[in-house]
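A single chain comes next, written as structure tokens; it is the form predicted alone.
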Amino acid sequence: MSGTPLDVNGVRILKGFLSQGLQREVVSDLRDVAAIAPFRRYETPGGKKMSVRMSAAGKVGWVTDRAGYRYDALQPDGEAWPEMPATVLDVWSAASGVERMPDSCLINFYGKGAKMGLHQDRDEADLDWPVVSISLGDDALFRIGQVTRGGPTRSIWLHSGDVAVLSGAARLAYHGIDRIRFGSSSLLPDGGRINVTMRVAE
């Protein structure tokens, strides 16, 4: 695993970090995860359905409903989350810059028209640990802002195999996905984008 590092508002983007072969391995492992923890469209605390579909793996998974945003040891149906695939953990080890391993892996699927508004990853118990995010499938326009709401933002197209690392001063940077270039990758037969985000949640 290697890639060309870029700095975008303090967020480290590793372009081309995963080879095509490794991308296919990760996708295969994520299909096994989804067989145990199916993708779901969650509801925000305000009652709005999210446009992305979500699954998770690890000790805890990130969920949202009318009760709020949180990490939970159980899926909405009461089942435990599957273990994180070794292929995903290898990316964390190679890119995170820390020895501690993650205990949660959020898996987002972006279909046609799906997007994610600007937000911070701040539901974790200790915000000093990095967040490592893998892009798989169709290109995504990734927008990165400041650590406070408002101010200038910068955008970059993420391609399949790119990895983003939010750490240090940029750990709480606002970020989001403005749109997907649907059909730009052949990795997923039916198109779309998978985003795998590893975190130390507890």
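A quick note: this is a predicted structure, and the numbers were derived from the prediction, not measured. Numbers follow the displayed sequence, beginning with 1.
There is another form of the same protein, the form predicted in complex with a small molecule; it is not shown, and what comes next is about it.
Proximity of Ser133 to the small molecule in the model of the complex: non-hydrogen atoms within 4.5 Å are present. For Trp92, no non-hydrogen atom is located within 4.5 Å of the small molecule in the model of the complex, even though that partner is not displayed. Although the partner is absent here, Asn108 lies within 4.5 Å of the small molecule in the model of the complex, judged by heavy atoms. Residue contact with the small molecule in the model of the complex: Leu166 places a heavy atom within 4.5 Å of it.
With the partner removed from view, the residue among Val63, Ala37, Val26, Ile177 that has a non-hydrogen atom within 4.5 Å of the small molecule in the model of the complex turns out to be Ile177. Residues placing heavy atoms within 4.5 Å of the small molecule in the model of the complex fall in a single listed stretch, namely 117-125, out of 97-105, 117-125, 67-75, 84-92.
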